[in-house]
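Below sits a lone chain in structure tokens, taken as the form predicted on its own.
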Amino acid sequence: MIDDAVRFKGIYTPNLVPLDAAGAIDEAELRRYTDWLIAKGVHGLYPNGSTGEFTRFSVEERRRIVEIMADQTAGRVPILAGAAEANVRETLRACEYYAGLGVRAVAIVSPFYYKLGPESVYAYFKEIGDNTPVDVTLYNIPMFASPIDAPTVARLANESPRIVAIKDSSGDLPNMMRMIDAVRPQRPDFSFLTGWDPAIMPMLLMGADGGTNAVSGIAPELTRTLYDSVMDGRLDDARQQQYTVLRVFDALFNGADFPEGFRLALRARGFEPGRGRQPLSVKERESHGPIASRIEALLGELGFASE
């Protein structure tokens, strides 16, 4: 029997990082945000994810983000820390550092920039899996990085006990089913997480264990309720909640270049996220006023107003 205490289940929040007027990490606001997410019922936290703009921070800043959140969380919920760096050596150093902070596991994106085939993707993760001091979650996001196909996931799951899960952000339901079918008979402890918010319910129904979903950083009450509804078999309720998640996701993801819409939404929930690291043109800055108003109106309509 699998111990659910060591298996990833539920919704993990890939959080934004509040920045101050100088563009530095706003530690006080990040701590307040961490407390708020936990109070709203998130199952776990996922710093240094795509929503957290990990590529726009330095190595030292990424480590500091996890330090702050691990300290503030104090074991109340598990942390899945993004540990992806540009090469195996630096990624393993990140694994070692985050292991020292007591995170539950790390998430590592497939090699990016250089487009690699399945054998190279396998070799990359096999090297990490053989040498990491902390459990690893594979991160498949083919829009930004080399894809991790189902045979490669199965091969790594069979050969590397430290590789314990995959986060798949492709939104491809049949591919998730292929991965589950290929891995679960040999590794029933292996977890499957969806990173695509519009498909949380169907992914859960087909055997996924949970998700790492950007909407949970803005409306954690909504994603927690959706997960609970599916798990409790209240599928009519879950279906309605999934459509609400879709409305919020579309407004935030398509309203501005990702993740700026989520940054605007976080302000609408009563936080001061600051300006992101990506410079904005005058036209973009002017467009953010109307976008923010629409987002605020939508969240208010759905009962997720500023607190």
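Model, not experiment: these values are computed from the prediction. So that there is no doubt, residue numbering starts at 1 and follows the sequence shown.
Note that the form predicted together with a further copy of the same chain isn't included here; everything after this is about it.
For the three residues E127, W196 and F258, a heavy atom within 4.5 Å of a further copy of the same chain turns up in the predicted bound form in every case.
Proximity of L246 to a further copy of the same chain in the predicted bound form falls within the 4.5 Å heavy atom cutoff. In the predicted bound form, at least one heavy atom of R178 sits within 4.5 Å of a heavy atom of a further copy of the same chain. Shown alone here, V109 lies within 4.5 Å of a further copy of the same chain in the predicted bound form, counting heavy atoms only.
In the predicted bound form, a further copy of the same chain lies farther than 4.5 Å from every heavy atom of A70. Of the candidates L101, L92, L173, V77, L173 is the one whose heavy atoms come within 4.5 Å of a further copy of the same chain in the predicted bound form; the others do not. This chain is displayed without a further copy of the same chain, yet in the predicted bound form the stretch 196-204 from 217-225, 157-165, 196-204, 129-137 comes within 4.5 Å of it by heavy atoms. Applying a 4.5 Å heavy atom cutoff to a further copy of the same chain in the predicted bound form picks out D257, F258, R277, Q278, P279, L280, S281, K283, E284 from 254-289, in order along the sequence.
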